[in-house]
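First, one chain by itself in structure tokens, the form predicted on its own.
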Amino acid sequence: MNRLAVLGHPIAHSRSPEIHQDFAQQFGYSIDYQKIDVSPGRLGDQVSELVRSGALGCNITVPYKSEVVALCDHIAPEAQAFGVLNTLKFSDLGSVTGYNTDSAGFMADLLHYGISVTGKRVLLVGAGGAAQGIIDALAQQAPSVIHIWNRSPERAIALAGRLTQTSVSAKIADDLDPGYEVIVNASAAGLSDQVPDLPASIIKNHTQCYDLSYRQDGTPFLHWCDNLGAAMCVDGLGMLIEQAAFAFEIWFGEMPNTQKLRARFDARPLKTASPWRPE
């Protein structure tokens, strides 16, 4: 039995166990994948316990993607620039290697929905671990600008300063452009049923909106975007499935097929002309 887990706080909403069970069934693996709610200050103890128990690895989610970096013996080269990790693999000798599959999962989901940021004006909402995990991938697609808004402006300034592209800059609400082509919400506001305090002018009828969070009844941010007439509203359920596939490949060396699972979960965009049914 291959033991796996996802660590976060809160964690009850996570669909990672059923996603990885589906992947394991594709290859005939037997896994025990648990959701573990980790109290603040207990992440190191919980990772150590998983290592001692002989677990194969684990996923890391909010709010521990930055904190877990210090617990790793090794970090995969492609993840070293992120400053955040979402996947750990444990060796037989107990060493911990960290990876970030959020970036690849995010880009795979954008491709699935035909959302291109190349040459587009992009607004990234949030500057925490989720935003850190995807901003490099966004920048590599050469949008015309990436503006970063965060409730705490200094964090947006710090994140923008991490990139060398002159097209990336931090903005306060009053300086945001009207009608961005693409808006990505990477904030945690939805966890408390809130919508980021943004002006309605950022959304026009051509705006494609993407929320890294996901909820059965739709995230508050996506409902706000839809009410303002956005052209497309997509939640992060597809990204969750895609990043999980990359994590599964890290653990087992085999890449699962995500398309049937996406269809079963009904991971699809909300369009303003039709009701949204995330599952």
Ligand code: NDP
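Just so it is clear, the structure is predicted and the values come from calculations on it, not from any experiment. Sequential numbering from 1, following the sequence displayed.
Keep in mind the form predicted in complex with the ligand is missing from the figure; the text below concerns it.
The three residues V62, S213 and Q243 all sit with a heavy atom within 4.5 Å of the ligand in the predicted bound form. Taking non-hydrogen atoms only, G83 never approaches the ligand to within 4.5 angstroms in the predicted bound form.
Although the partner is absent here, I203 is not a contact residue: none of its heavy atoms lies within 4.5 angstroms of the ligand in the predicted bound form.
Residue contact with the ligand in the predicted bound form: C58 places no heavy atom within 4.5 Å of it. Although the partner is absent here, A188 lies within 4.5 Å of the ligand in the predicted bound form, judged by heavy atoms. Comment: 62 to 70 is the region of 62 to 70, 22 to 30, 47 to 55, 250 to 258 lying near the ligand in the predicted bound form, near meaning a non-hydrogen atom within 4.5 Å. Checked against the ligand in the predicted bound form, the candidates R151, R162, K171, K120 yield a single residue with a heavy atom inside 4.5 Å, and that residue is R151. The single contact residue among S144, S95, S116, Q194, judged by any heavy atom lying within 4.5 Å of the ligand in the predicted bound form, is Q194. Taking the ligand as positioned in the predicted bound form, the residues of 102 to 126 that bring a heavy atom within 4.5 Å of it are, in sequence order, D102, G126.
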